[in-house]
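Next up: just one chain, as structure tokens, the form predicted on its own.
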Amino acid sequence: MPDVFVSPDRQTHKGTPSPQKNLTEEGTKKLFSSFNLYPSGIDFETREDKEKIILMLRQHPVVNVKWIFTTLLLLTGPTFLSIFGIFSLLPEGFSLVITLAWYLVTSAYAIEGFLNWYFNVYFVTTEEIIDVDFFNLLGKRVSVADLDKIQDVSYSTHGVLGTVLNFGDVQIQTAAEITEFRFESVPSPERVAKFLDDLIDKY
């Protein structure tokens, strides 16, 4: 599995600029949280000693509904095949093999859905923004831009669901090699944009 982020003992650093902290959320460590402010026990491969993580984001949990619902439907597949007598048409023993294979594929689909959500993360630090795109157990893409390269930050929410649950996209225009970063379907996009604006002002 790609070493997307690890937890060494060197997480806390002094003397680095940061926006005003919300003391009720400082040092959060929520394993499956989509919005981690000043997270503790979380790191990434290329972080410098003086660099401190301000935000670690994932997509809002509601994006998991699609693959969870599909998984639940797939789990009922062998039951329906049995009810409609499909298995009775097959040679003896084939029904067991097909059922086991069906559940194996379904399990792989569910695991892939969860891993794609869990390991696709966005970092905002005191030095840079990082977009980690997790493709599978063997591949990922990491995009990085320094804060002083950021030119514009905007955010948007879409539809009733995004408005009610308060999640949306944060668009970041940069002068770096990658000219546009998009934090997709993240919780509280206006707060994320505010943190970025505060950091940019310090530079």
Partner chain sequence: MENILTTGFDIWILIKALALIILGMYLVFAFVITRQVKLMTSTLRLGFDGPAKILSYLHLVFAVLVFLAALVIL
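Positions refer to the first chain, counted from 1. Just so it is clear, the structure is predicted and the values come from calculations on it, not from any experiment.
In what follows, reference is made to the form predicted together with the partner chain, a form of this protein that is not presented.
The partner chain in the model of the complex is not approached by G162, whose heavy atoms all lie more than 4.5 angstroms from it.
Residue contact with the partner chain in the model of the complex: E45 places a heavy atom within 4.5 Å of it.
The partner chain is not shown here, but in the model of the complex it comes within 4.5 Å of a heavy atom of F94.
In the model of the complex, the partner chain lies within 4.5 Å of some heavy atom of F114. The partner is not shown here, but in the model of the complex the stretch 98-112 reaches within 4.5 angstroms of the partner chain through a heavy atom at L100, A101, Y103, L104, V105, S107, A108, I111, E112.
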